[in-house]
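Heads up, the chain below is alone and in the form predicted on its own; it's given as structure tokens.
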Amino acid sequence: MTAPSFRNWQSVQDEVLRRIHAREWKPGDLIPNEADLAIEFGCARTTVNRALRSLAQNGLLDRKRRAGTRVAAQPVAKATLDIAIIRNDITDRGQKYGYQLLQSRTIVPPPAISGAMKTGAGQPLLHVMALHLADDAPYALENRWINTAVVPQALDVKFDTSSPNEWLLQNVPYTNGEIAFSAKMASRDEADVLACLSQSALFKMDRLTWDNGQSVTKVQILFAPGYQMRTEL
């Protein structure tokens, strides 16, 4: 029996999800093939394919060529991470935002930075350090390198009233990136800036963004003790 209401891939996806959640298709079950589902739903096979691909990308289906599609035995919940404007993070918490520029200069970076950003060993980059505050207390220390060969307009920005985090997200496109989270013991200098004890545990985020194979910026953000990151599944 056909189901004429299934005219787009989202409606097919919703029905497949319903069957999975209702345990009509249990974890590990082999589901009907695309051709049979297309007949049942009264839609094109490409519509079914798009719906199943989306669910597979979200970890709910396992698709193997010539072996068919199965309901994932152990569905993987994926978290969504956005590159946030720190100002918005603070104000969304109901706190007053503050900002201090600590340093802005063009220098040749350490080899580890130029290697990660794939810039020439002697190529200078813009180095900006800034402190973000919440209710006048240190919130995050931004330690950023900007590839001015890719973002030359950054040389004309003083970053004295607006952070590079905010300016880059509003003005510079990127195609992909890498992100890592870890813990770090605060050095004496970091502790002084973040108003905490030396060797305090800090939440560290390292991010490197690219625009079609060219590095845009590399940043390390250290959050003051007590920071909690939240995301959505």
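In this text, rigid core is short for the largest set of C-alphas that superpose within 1.5 Å between two forms. Numbers for residues come from their place in the sequence shown, where the first is 1. A quick note: this is a predicted structure, and the numbers were derived from the prediction, not measured.
We do not show the form predicted together with the DNA, though everything after this point is about it.
Residues within 4.5 angstroms of the DNA in the predicted complex, judged by any non-hydrogen atom, belong to 31 to 39 and to none of the other stretches in 31 to 39, 183 to 191, 199 to 207, 166 to 174.
Proximity of residue 26 to the DNA in the predicted complex: non-hydrogen atoms within 4.5 Å are absent; the residue sits far from the partner. Contact check for residue 59: every heavy atom lies farther than 4.5 Å from the DNA in the predicted complex.
Taking the partner from the other structure, the DNA in the predicted complex has a heavy atom within 4.5 Å of a heavy atom of residue 43. By the criterion of a heavy atom within 4.5 Å, residue 223 is excluded from the residues contacting the DNA in the predicted complex.
Within 4.5 angstroms of the DNA in the predicted complex, the stretch 46 to 66 places a non-hydrogen atom from each of 46, 47, 49, 50, 53, 63, 64, 65, 66, taken in sequence order. Core-superposed comparison between this form and the one not shown: the Cα of residue 214 travels less than 2 Å. With the core held fixed between this form and the one not shown, residue 191 has its Cα displaced by under 2 Å. Positional change of residue 224 between this form and the one not shown stays under 2 Å at the C-alpha, relative to the superposed core.
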